[in-house]
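Quick setup: one chain, the form predicted on its own, written in structure tokens, and binding and motion questions come after.
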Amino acid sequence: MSFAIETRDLGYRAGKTFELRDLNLRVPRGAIYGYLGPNGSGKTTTIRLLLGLLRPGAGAITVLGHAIPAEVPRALARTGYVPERPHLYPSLTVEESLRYHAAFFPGWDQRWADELLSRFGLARTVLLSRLSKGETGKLLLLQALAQSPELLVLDEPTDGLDPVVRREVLTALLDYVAQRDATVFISSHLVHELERICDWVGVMDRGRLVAEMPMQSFKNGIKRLRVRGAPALLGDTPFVVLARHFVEGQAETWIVRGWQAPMTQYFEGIGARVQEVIDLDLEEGFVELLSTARTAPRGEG
């Protein structure tokens, strides 16, 4: 498997309050990779490091085969970026902004830009200062897509947008990926939104990568188990025990990751039995991962 983005033991410290440590990301080429985490977990810091806007304190970064920051101009020429906070000139019209942006990208696809203008309902003559938040979000995505990038890096691109605009933006994104086989790295704290579009997911919390896996494994592999008769000490398990809660008598509730149906045999071997296997939705699994990471001793997880 080849990777559009790869980091190895990446580290970065921001003052005394935040540290990104030992970050090992692997974003497969052609994937839509959802980078999940609460606000302040390190998502935007990671993106700025990937784009060469910050210099790492440790480790290595490769984007589209280019070492960052040494070869950042080559990587950025093939990358479309939608920042968390818009960077637009308010005195320009939509048309002027597009012409200005196009001048920097030889691969600019004017026909695609025109199609998106019509699709998004953006008027060419309107000043950027007059655009709503939703219209601004659509313009930013339009500019990134019309570059014909191999990689799209999107930092909370739908945050604060209404459901209709959010759907328009995500539909355009999916259409582009289907047509161009591009890679998308999209950060968000909106769990259910990424569940619908992503095929890989990474979960960040407090500067650490808590989990990284295919989305299908994330959705299907995290379960809540009702268990009876399990010993206090477990030894090796065929799954990861994220949490274990006493209920009453010999009954317990377990949260596990990496679950598969044949694993019920494990409980027979330790003299216990599984009374119930309960599916968790993506948001519940996300919360359980964060909860486990925050209660683990420092250096674990």
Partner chain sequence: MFRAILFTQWKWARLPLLLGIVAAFGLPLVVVQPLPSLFAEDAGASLAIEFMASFGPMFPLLATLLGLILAVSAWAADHAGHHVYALSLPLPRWQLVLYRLGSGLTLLALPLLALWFGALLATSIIDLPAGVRAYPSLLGLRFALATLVAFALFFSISAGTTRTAGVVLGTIVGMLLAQWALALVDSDVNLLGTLFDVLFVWPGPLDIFSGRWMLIDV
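Numbering follows the first chain given and starts at 1. Values in this document were obtained by computation on a predicted structure and should not be read as measured data.
The discussion below concerns the form predicted together with its partner chain, not included here.
A.B. asks: Check whether Arg48 has any heavy atom within 4.5 Å of a heavy atom of its partner chain in the model of the complex, and answer yes or no.
C.D. replies: Arg48: yes, in contact with its partner chain in the model of the complex.
A.B. asks: Determine whether any heavy atom of Leu53 comes within 4.5 Å of a heavy atom of its partner chain in the model of the complex, and answer yes or no.
C.D. replies: Result yes; Leu53 sits at the interface with its partner chain in the model of the complex.
A.B. asks: Against its partner chain in the model of the complex, would Asp109 count as a contact residue? Criterion: heavy atoms within 4.5 Å.
C.D. replies: Result no; Asp109 lies far from its partner chain in the model of the complex.
A.B. asks: Can Val191 be called a contact residue for its partner chain in the model of the complex at 4.5 Å between heavy atoms?
C.D. replies: Heavy-atom contact with its partner chain at 4.5 Å: absent for Val191.
A.B. asks: Exactly one residue in Leu88, Leu151, Ala230, Ala144 has a non-hydrogen atom within 4.5 Å of its partner chain in the model of the complex; which is it?
C.D. replies: Contact residue from the list: Leu88.
A.B. asks: What is the one choice in Arg166, Arg224, His101, Arg208 with a heavy atom within 4.5 Å of its partner chain in the model of the complex?
C.D. replies: For this set of options, the contacting one is His101.
A.B. asks: Exactly one stretch in 80-88, 114-122, 156-164, 183-191 has heavy atoms within 4.5 Å of its partner chain in the model of the complex; which is it?
C.D. replies: So the stretch in question is 80-88.
A.B. asks: So, Pro73, Thr93 and Phe105: all three within 4.5 Å of its partner chain in the model of the complex by heavy atoms, or not?
C.D. replies: Looking in the model of the complex, the three residues Pro73, Thr93 and Phe105 all sit within 4.5 Å of its partner chain (heavy atoms).
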